[in-house]
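The chain below stands alone and is given in structure tokens; this is the form predicted on its own.
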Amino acid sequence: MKELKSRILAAAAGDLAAIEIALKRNLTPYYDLVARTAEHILFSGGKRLRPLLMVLSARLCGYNGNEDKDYAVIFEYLHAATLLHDDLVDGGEMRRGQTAAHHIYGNATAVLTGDFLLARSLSLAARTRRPAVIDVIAQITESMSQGEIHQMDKKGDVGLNEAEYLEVIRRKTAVLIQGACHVGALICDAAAEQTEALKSYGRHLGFAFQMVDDLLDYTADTQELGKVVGADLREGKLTLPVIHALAKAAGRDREAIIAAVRDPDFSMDRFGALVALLTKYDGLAYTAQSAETHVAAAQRALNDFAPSDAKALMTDIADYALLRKA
């Protein structure tokens, strides 16, 4: 994993540096408190996966302009906005290893800064002068907000099934990664076949990325993860490891899983017992296998593109989605 990560960072170093510059250049709030709140989440160690994928997707389709980094930051602003809002809705304590923004700047400031970042994303989309790009960004914003409400409405619902879980993560995670790849194709007027292939890559990568996130909530440690392990469970969120285990468990084991889901103040010993049950009923293994299936589908979507540095890097990024520890 370390070798793969090093290879990705080396190959993407120039693009990532340019994205950092563009993130600062395009932020431009007039009020300092908005800047400080936005910078707290934007410059706290994010992977820049979404803007990087937009840049690489455009390059794969032959983009030769000089505005790709400015357009790419749309997706980091959108992502940061959702994190500000989600942390407040979920009562999150930590994000990327530091105190969540709403605990520092207050709930109202965090919400309104998230709103500013959403609006800034649409302003940058308008600069492309492509209605299709604006439509993609607007649809992403609609989808992510509804996905969050859907998930919130199902908190603690032990009847949540896998199909409904997949719809939630499609809206909350996959749609943004898919959108980044889609816009990469749109800004260079790519052929329909290339556009659909990149959308497929992004959608499957998004599913895999979220499934691994859900897995890490039960298998990582707090220092690696940058937030408290078991946070999803404490918030009443049923993710695939629990959903699959519940579908297979019976009797006292099923009751124990349900009790853990319904107890936001569980001890670490009880959390450890739950992880053992998720292992026993293949919840962890099934989630890992599902993520692998989506990564394979993402990589197949790139098959018809000619070999290139961008294609190789996007293939490596898909592999990294499975192997990452945070």
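From 1 onward, residues are counted along the sequence shown. Just so we're clear, the structure is a prediction, and the values are computed from it rather than from any experiment.
The next section is about a form of this same protein that is not shown, the form predicted in complex with another copy of the chain.
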Exercise for the section: Flag this candidate site as yes only if 126, 141 and 146 all have a heavy atom within 4.5 Å of another copy of the chain in the model of the complex; otherwise mark no. Expected result: yes
Practice task
Using the partner position in the model of the complex, report whether residue 291 sits within 4.5 Å of another copy of the chain, counting heavy atoms only.
Solution key: no
Problem - Partner contact for residue 33 in the model of the complex: another copy of the chain, 4.5 angstroms, heavy atom - result: yes
Exercise for the section: Please run the contact check for residue 131 against another copy of the chain in the model of the complex: heavy atoms, 4.5 angstroms, yes or no? Expected result: yes
Practice task
Check whether residue 232 has any heavy atom within 4.5 Å of a heavy atom of another copy of the chain in the model of the complex, and answer yes or no.
Solution key: no
Fill in the blank from the handout: The one residue among 109, 200, 161, 99 placing a heavy atom within 4.5 Å of another copy of the chain in the model of the complex is 109
Practice task
Please pick, from 115, 196, 253, 189, the one residue with any non-hydrogen atom lying within 4.5 angstroms of another copy of the chain in the model of the complex.
Solution key: 115
Completion exercise
Counting only non-hydrogen atoms, the one stretch of 233-241, 180-188, 166-174, 201-209 within 4.5 angstroms of another copy of the chain in the model of the complex is 166-174
Handout entry: Residues of stretch 151-180 in contact with another copy of the chain in the model of the complex (4.5 Å, non-hydrogen atom)
Key = 152, 153, 154, 167, 171
